[in-house]
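Next comes just one chain, in structure tokens: the form predicted on its own.
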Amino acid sequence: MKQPIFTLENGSVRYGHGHPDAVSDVTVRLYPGEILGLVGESGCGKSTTARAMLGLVPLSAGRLTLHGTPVNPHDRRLRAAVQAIFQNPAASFNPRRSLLDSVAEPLRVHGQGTARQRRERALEELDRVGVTAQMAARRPNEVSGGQCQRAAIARATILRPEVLVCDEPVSALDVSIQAQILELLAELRTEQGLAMLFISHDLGVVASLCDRTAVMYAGRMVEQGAATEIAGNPRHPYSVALQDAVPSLDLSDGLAPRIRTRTGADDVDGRLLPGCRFAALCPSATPECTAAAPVLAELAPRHEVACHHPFDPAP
């Protein structure tokens, strides 16, 4: 079995004394040539998990490992091996610098090549992702969102990293540009054998792009498995409710929600509950659910669910 390239082991993040953990005991394993989709509603801890893996926020518990060896978040090896693509491409660039200069910057920081060599490398990388030399000479506000995101991908890959952390990389783009960026990411995975963490709220995108899916709720992982399995056979009540909320283009399907969450509990912060964090909303919750937090357990090969009463789909 393949060994993970990069792992967050039992990671927790807390933003200040007296606050509940934003992320609690989360483990993420990224394997070579594989894309892991991380999904969940806004505020569930997806971006905090990504930032912890990138060393942008400190872990209050847990550790990061690269090829099985613990690494400090500020280790230069980690900075070169793990790169990021963020939601707003324009905001991740210096507005006063050309795209070309920004894409070449990582080479300068890591002491690679002369100024001319860095410029040539950057032009090659930009061309590889579909940005022309003429476009590369422009500033971020002078190009489209799609071109800017392509340049962001070039900057993230110019050091030939082993891992890409993609935090909602297409949510700010229109649908046609989204498809182009997703196709580009899939090509890069195939060409370079990259491991990717792909964060999204779009279950359709995750199902089509990713090999595995992990579902988060209120700072905890509640389900993990093959993307096709999670899409076709979700077992945690929250995963089921999340999929039921996806609008259908077929107005005649007449499908009723499989899980009807409890009303009046939307304002309950699951992070403050002693047991299952979804218990206040779950229609199947029992006293066991409110007393003890469930742990991820394998219900089928490589399909883990953290639930005392997993959803049992009809045959």
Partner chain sequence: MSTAILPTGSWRRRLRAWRLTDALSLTWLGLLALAALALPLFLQLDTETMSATERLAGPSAQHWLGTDNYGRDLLARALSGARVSLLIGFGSVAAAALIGVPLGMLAGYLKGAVDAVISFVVDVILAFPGLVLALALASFLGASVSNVMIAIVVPMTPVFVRLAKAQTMSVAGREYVEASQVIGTRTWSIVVRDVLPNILPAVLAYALVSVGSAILIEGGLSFLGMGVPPEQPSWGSMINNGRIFISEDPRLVAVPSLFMLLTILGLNLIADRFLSPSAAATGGVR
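Numbering follows the first chain given and starts at 1. Just so we're clear, the structure is a prediction, and the values are computed from it rather than from any experiment.
The discussion below concerns the form predicted together with its partner chain, not included here.
Interface residue among Gln112, Gln192, Ser98, Asn88, judged by heavy atoms within 4.5 Å of its partner chain in the model of the complex: Asn88.
Under a 4.5 angstroms non-hydrogen atom cutoff, its partner chain in the model of the complex lacks Ile199 among its neighbouring residues. Proximity of Val82 to its partner chain in the model of the complex: non-hydrogen atoms within 4.5 Å are present.
Taking the partner from the other structure, its partner chain in the model of the complex has no heavy atom within 4.5 Å of any heavy atom of His236. In the model of the complex, no heavy atom of Leu188 sits within 4.5 Å of its partner chain. Contacts between stretch 20-59 and its partner chain, counted in the model of the complex as any heavy atom lying within 4.5 Å, involve Arg51, Leu54, Leu56, listed in sequence order.
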